[in-house]
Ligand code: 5AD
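What follows is one chain in structure tokens, specifically the form predicted alone.
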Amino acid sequence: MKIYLKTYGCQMNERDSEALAGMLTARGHVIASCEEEADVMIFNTCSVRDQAERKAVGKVEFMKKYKQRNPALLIGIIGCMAERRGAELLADLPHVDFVLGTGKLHTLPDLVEKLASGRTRVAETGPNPDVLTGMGAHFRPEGAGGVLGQIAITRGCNRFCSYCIVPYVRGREISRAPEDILEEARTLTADGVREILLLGQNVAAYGLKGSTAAPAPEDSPFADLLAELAKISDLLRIRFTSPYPTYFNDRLIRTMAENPKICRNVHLPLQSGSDRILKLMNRQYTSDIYRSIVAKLRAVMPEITFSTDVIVGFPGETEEDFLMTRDLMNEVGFDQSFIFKYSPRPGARSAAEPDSVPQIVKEERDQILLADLAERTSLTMQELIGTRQEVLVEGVSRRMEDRWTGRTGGNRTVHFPPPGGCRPGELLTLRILKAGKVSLYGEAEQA
């Protein structure tokens, strides 16, 4: 069968879709490039924000016309929204054939084949520990695999931040065995991957058996895993996302500093710079603790760059609270910020509180932080002109056919004319000639 996969949401969803594509093609199915040629349409959904759900539902509703033209077409909704809403989606969308939650994703190939041979409508949700080890496949078409790979090392979350429904739609936090992860990494590198991104809702809590307490200074199974991955000779770079700040203890910070393969770029979610709002969010750190973590990382890795997540308009957020967030963001100097306007999510604790910040105020605060980010980024990029940056070559630029592209360890994209003999997957030192708003432009120096 030809199967079309559409993904909404975070990198965990993207990785799940890639794993499912690998599992389906291993069964002999074909991943369709467009909706028109599909025998099966699968929509991997996000439920973290209301807008993400509405976007996915709108798309699935539009697919009704395809079902009318081809009654044999199978349409399925999977992922976080499927987990949250379950059989309700079948009632609301009569043309949908199946709903599969996050804990059952590893059963998708069997389910699709079963439904293709005998028509019925199915909604399957709820936890299943087998999903942890059942999603290790990869979809790497011959000649198009690339040098970047992703490995999910944890699933679920135990933090229960008051605005978030991830623990409810992704389940409780579980970690894979290190041997399983290392074997997957070796398989990827044997297939040409040179950079691996480790994924998890709370990736730095790996191996801590679901504990939400700040670990002891030398207790970091995640650091041990990073050190073992760094021993794989063909693996040139290691990235990870998304860590909760308080897991950056002495052991983890030292391991990062001692292993140059671990990229000097950390996505460190802030959410708010106000201690009062952080407490309401059930974020178990203060703004000063956050500052101290940034300072410790910079003390041993001065070149490190940071990105973050921030919510504006959380219930009760005052102008003073917002300005604390703005000041802290400018103080840290994030290279990239994902700024979200608060929206209550059914099931999250904060949804019981009045959504007290007017939408127009959320919009204004969002635009202020975006303007700050654009100004900071522009200055930072200009400061890099004339410097030498090591990039991992990824291949031909999608924007310019005569240029290739790569990224620095600090996660900055660089476009450059490829020198003779240049190959994807190698490390190349470039001199930066100019800077755009979000990209750098460089050239390889002559030997």
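Note that the structure is a prediction, hence the values are computed from the model and not measured. Each residue number is its position in the shown sequence, starting from 1.
The following text describes the form predicted together with ligand 5AD, which does not appear among the structures shown.
Discussion item. Considering non-hydrogen atoms and a 4.5 Å limit, which listed residue (Tyr206, Phe322, Phe306, Tyr342) is close to ligand 5AD in the predicted complex?
Written reply: Going through each option in turn, the one that passes is Tyr342.
Worksheet item: Among Ser220, Asn265, Thr241, Gln271, which has any heavy atom within 4.5 Å of ligand 5AD in the predicted complex?
Response: Residue within 4.5 Å of the partner: Gln271.
Worksheet item: At the 4.5 Å heavy atom threshold, is Phe98 in contact with ligand 5AD in the predicted complex?
Response: Phe98: no contact with ligand 5AD in the predicted complex.
Discussion item. Quick check on Val48: any heavy atom within 4.5 Å of ligand 5AD in the predicted complex?
Written reply: Yes, Val48 lies within 4.5 Å of ligand 5AD in the predicted complex.
Worksheet item: Is Leu108 one of the residues lying within 4.5 Å of ligand 5AD in the predicted complex, judged by heavy atom distances?
Response: So Leu108 does not count as contacting ligand 5AD.
Discussion item. When the contact criterion is heavy atoms within 4.5 Å, does Tyr163 count as touching ligand 5AD in the predicted complex?
Written reply: Answer yes; at least one heavy atom of Tyr163 falls within 4.5 Å of ligand 5AD in the predicted complex.
Worksheet item: Only one of 114-122, 86-94, 333-341, 227-235 gets a heavy atom within 4.5 Å of ligand 5AD in the predicted complex; which is it?
Response: Only one stretch passes the 4.5 Å heavy-atom test: 333-341.
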